[in-house]
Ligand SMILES: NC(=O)c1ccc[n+]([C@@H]2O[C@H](COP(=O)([O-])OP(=O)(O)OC[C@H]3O[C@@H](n4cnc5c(N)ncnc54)[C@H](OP(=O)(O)O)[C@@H]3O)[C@@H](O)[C@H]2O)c1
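First comes one chain, alone, set out as structure tokens in the form predicted alone.
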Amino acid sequence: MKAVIIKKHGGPDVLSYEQVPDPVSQKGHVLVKVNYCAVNHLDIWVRNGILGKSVIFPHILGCDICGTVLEGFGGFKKGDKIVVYPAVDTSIPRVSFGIIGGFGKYKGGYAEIISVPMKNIIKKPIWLSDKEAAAINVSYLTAWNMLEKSRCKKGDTILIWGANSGVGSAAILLAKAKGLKIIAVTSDKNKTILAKKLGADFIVDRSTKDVTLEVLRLTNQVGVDAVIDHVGAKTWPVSLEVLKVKGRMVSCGTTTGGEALVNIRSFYSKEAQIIGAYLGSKSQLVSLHKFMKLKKIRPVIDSVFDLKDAKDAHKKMEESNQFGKILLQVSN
């Protein structure tokens, strides 16, 4: 089969489109023909490498998968369209679970065929296209989990960083459908326009305005009920500063680094909470599908690259030139 593999950590150039052996069927697993696989920041973190985490080379990235099962099992027939729930068991201490195509033993969806646990298979909602279905399993599930952990209710105000990203754009759509008041952060005029179209009530362009001052101005110095922070080190200080008394910051990513310097006094004096969010459960993914159908929400797709052009897809994400999800088309 054809796949994009990495044989070492590094920049986009370590991605190599090659012929590799097909995966072998094993007990409790099923072979899936991959139709589309979305690109996520996890792919970039694994490609670059993180101190203390390892993979077995050659490794195949990709955790956001829509495809067809190549063999029947349980309630599934050969040829059924499915999506793959990305979380798998891990032996790493103090980590909730591993992710397919991430740091661990499971090879991912940058390949024509993948072997995954049968328990990770979910029928593709018929109202979603294959492209749309591949865009939901990571970013939208993570945003859904973060919104649930934020405990925001209708009318509450939430700050969402990185409106152009997969998690950011997903959080705006889902938060709007939940009746929340949204302040979104963007980095240029074009992304501001697109964030407004998604439903953000207020936009802060961080390239022209101080985010802290602007958010406090928009909330009459009260602050926001919650923050969706998937950016990391550079945004944590601001995220904590703009929370109202008893506000909640929900964090899921470290795109700008994993170690942040924060104002501890500001944090405890307002009795704020920092809550971690790591993907979400399989049952949450099923409920997310139902919610999106009910609210007529379709995922935002920025662009689709052929699998062989995975390098270009990674470069686009690293340059933050997308608005919504970047997909790889693996099979027709």
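One rule holds for the numbers: they count along the sequence shown, beginning at 1. Quick caveat, the model's predicted, so the values are computed rather than measured.
Omitted from view is the form predicted in complex with the ligand, to which the following refers.
When the ligand is considered in the predicted bound form, residue 320 lines it closely, a heavy atom lying within 4.5 Å. Residue 42 belongs to the set of residues with a heavy atom inside 4.5 Å of the ligand in the predicted bound form. None of the heavy atoms of residue 178 is located within 4.5 Å of the ligand in the predicted bound form. Put simply, residue 247 is far from the ligand in the predicted bound form: not one heavy atom of it is within 4.5 Å.
Only one of 32, 307, 285, 277 lies close to the ligand in the predicted bound form, with a heavy atom inside 4.5 Å, and it is 277. With the partner omitted from this view, the residue of 117, 223, 125, 253 that lies near the ligand in the predicted bound form is 253 [heavy atom within 4.5 Å]. Contact check for 138, 162 and 230: all three have a heavy atom within 4.5 Å of the ligand in the predicted bound form.
In summary, the region of this chain contacting the ligand in the predicted bound form, judged by heavy atoms within 4.5 Å and restricted to 53 to 61, 261 to 269, 33 to 41, 297 to 305, corresponds to 33 to 41. Residues of 165 to 198 lying near the ligand in the predicted bound form, listed in sequence order, are 165, 166, 167, 186, 187, 191, the criterion being any heavy atom within 4.5 Å.
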